[in-house]
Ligand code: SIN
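One chain follows as structure tokens, the form predicted alone.
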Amino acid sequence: MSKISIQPVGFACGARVTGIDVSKPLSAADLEAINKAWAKHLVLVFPGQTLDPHSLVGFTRNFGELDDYATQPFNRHPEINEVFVLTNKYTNGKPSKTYNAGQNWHTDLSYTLRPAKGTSVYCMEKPSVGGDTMFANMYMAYDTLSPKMKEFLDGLEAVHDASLIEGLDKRGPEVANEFRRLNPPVVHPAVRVHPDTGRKALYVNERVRTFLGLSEAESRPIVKFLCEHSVQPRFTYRHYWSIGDLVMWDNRCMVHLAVGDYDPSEIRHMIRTSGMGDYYGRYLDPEAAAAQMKSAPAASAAKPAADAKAVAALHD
């Protein structure tokens, strides 16, 4: 009989799941309990787990197809494309290309055609203080808007632009330019209907540049208002990481932020998988996007392989 226990850790979102070892095959009853808890709490914390990249993939495949991170090949696991490394460890005397990842409010991979369905992150090393992750419930963000604002947003589409990733240019021009090349601007609805719950969630974050039909000047204050509105404390949960924590969240109704409030000389090292999105967006300019993605210099084709070799040392 299952011993799984689920305890809420936040009002807006978040629950702690205990009594289960996710490195082992899940029973049908446990999988059903986790899916129900995920739909209700949006963010699930599995403390005290012992995982490696293979077992992380094994667990997260219970929830659907995994993204292979082809749109961001830097710092993938050297053998498992579905595992992405979030770390500030140095390789070959240089900082990781993900040392400052996620430091603005965002939905994972919203700048791609198939934004992540869900994300799972496992903590292997952490700083002595700080390095937390914050989450905000975008159901609540939408539900608390005025009827007129909801009516306005329900008919809007937003342009998500990878260029707006906080700190992207600090990773060096080669990485930043390649990232932009692989991720031309994409269009998604400003409000998404969750395929499982049927609820509407605001789908606007700090990586939105403009709304279709509005100028950037007109869009900018609306984006600013929505971003500030959606991350009010009453909508949020802050996770204080412990080594061995596995945290999974639903990207279709959440935004999150990696808080950069820690000593950068201390290690923050995590591995991540992302569920392949169950919705397709479209390129803002399909012809320009196709040309952009074909424009890489010949040397760039070998770059992900070289990066993988450098990352290999992080998994010893």
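Please read all numbers here as calculations on a predicted model, not as lab measurements. Quick note: we count residues from 1 along the sequence shown, nothing fancier.
As for the form predicted in complex with the named molecule, it is not shown, yet the points below apply to it.
(request) Sort through 152 to 160, 106 to 114, 167 to 175, 214 to 222 and report the only stretch with a non-hydrogen atom within 4.5 Å of the named molecule in the predicted bound form. (result) That would be 106 to 114.
(request) Tell me, out of L51, L26, V247, A258, which residue has a non-hydrogen atom within 4.5 angstroms of the named molecule in the predicted bound form. (result) Contact with the named molecule in the predicted bound form is made by A258 alone.
(request) Could you spot which one of L86, V231, L145, A190 gets a heavy atom to within 4.5 Å of the named molecule in the predicted bound form? (result) Selected option: L86.
(request) May I ask you to state whether S96 is within 4.5 Å of the named molecule in the predicted bound form, using heavy atom distances? (result) Output for S96 is no: heavy atoms all beyond 4.5 Å of the named molecule.
(message) Please tell me whether any heavy atom belonging to R272 falls inside 4.5 Å of a heavy atom of the named molecule, as the geometry stands in the predicted bound form.
(response) Close contact exists here: in the predicted bound form, R272 approaches the named molecule to within 4.5 Å, heavy atoms only.
(request) Answer for T133 alone: is it within 4.5 Å of the named molecule in the predicted bound form, judged on heavy atom distances? (result) Close contact exists here: in the predicted bound form, T133 approaches the named molecule to within 4.5 Å, heavy atoms only.
(request) Answer for G102 alone: is it within 4.5 Å of the named molecule in the predicted bound form, judged on heavy atom distances? (result) Yes, G102 lies within 4.5 Å of the named molecule in the predicted bound form.
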